[in-house]
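Only one chain comes next, encoded as structure tokens, the form predicted alone.
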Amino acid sequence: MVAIIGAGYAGLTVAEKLLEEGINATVYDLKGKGGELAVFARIEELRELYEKFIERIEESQVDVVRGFVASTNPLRIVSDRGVEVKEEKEVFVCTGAVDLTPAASEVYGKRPAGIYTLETAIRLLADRRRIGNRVLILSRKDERIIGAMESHLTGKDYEVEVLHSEEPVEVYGNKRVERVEIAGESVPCDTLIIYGGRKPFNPRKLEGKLAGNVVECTYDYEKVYRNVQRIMF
């Protein structure tokens, strides 16, 4: 028996490959199938950008057990059935990545409303929430998702400015962001979306063979795809 922790693109792809080889694999995920790609699928511009990866998760026939994996040695799962302990021969950790916090991305000063990581902004927009009016997207890394987000926000009647800079940011505002200063330049905005990079999402330090975005830590799913291919082939 093989356990796969995480039912995003990497977890489902690993499971499918193992099943093709006749290996019994169980996928565990607290939220169910799809990972962040299931969120991207609800935003037209992101769905188009990640189309082939989203189609892969939507077409997957792999069953997912909803549960929180508390440890891997032994494998301990907490679900609506209670606590289960299993002995698995191999564990794949496919828990993905999360954005660096604003503080880790060198965003300083006040913390009024209107400051979001890229992934938080995407989740709010996917839920049809309005995040402001005048949006500054500050990207430390140049990934294609930034252009797709700019296009989406512009199409939803936001006033959008995108800056690619590695300079520290100072935030000003009382109840909500009013402006930021970058390299001596003042930029007015009521919403700041910051993308400073990503880090592995593995808060419980689960042990096993790491696969997918927990390794690559990116929004570039071509890199995630190549990582999974290296591990499975």
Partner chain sequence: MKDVIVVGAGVTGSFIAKELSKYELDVAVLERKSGPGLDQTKGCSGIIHPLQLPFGSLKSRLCLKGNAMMDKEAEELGFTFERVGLILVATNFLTFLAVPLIQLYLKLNGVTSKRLSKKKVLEMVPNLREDIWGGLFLPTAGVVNPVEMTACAVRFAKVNGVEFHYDCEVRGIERREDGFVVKTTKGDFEAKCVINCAGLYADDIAKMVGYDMEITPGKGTHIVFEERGFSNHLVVAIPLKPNKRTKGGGALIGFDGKPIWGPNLIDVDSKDDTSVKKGEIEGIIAKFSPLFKRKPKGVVAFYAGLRSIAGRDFVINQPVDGFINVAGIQSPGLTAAPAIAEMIIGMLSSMFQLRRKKRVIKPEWKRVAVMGDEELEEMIKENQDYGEIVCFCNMVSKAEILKALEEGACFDAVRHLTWAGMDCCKCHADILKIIEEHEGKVKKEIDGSEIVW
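Numbering follows the first chain given and starts at 1. Predicted model, so just to flag it, every value in this text is computed and none were measured.
A second form of this protein, the form predicted in complex with the partner chain, is not displayed here; the remarks below concern that form.
Against the partner chain in the predicted complex, the set R76, A103 and E106 is in full contact: each member has a heavy atom within 4.5 Å. In the predicted complex, at least one heavy atom of P168 sits within 4.5 Å of the partner chain. Taking the partner from the other structure, the partner chain in the predicted complex has no heavy atom within 4.5 Å of any heavy atom of E150. The partner chain is not drawn, but in the predicted complex it has no heavy atom within 4.5 Å of S186. Of the heavy atoms in K89, none are within 4.5 Å of the partner chain in the predicted complex. Scanning 53 to 92 for heavy atoms within 4.5 Å of the partner chain in the predicted complex gives F68, A70, R76, V78, S79, D80, R81, G82, V83, V85 in sequence order.
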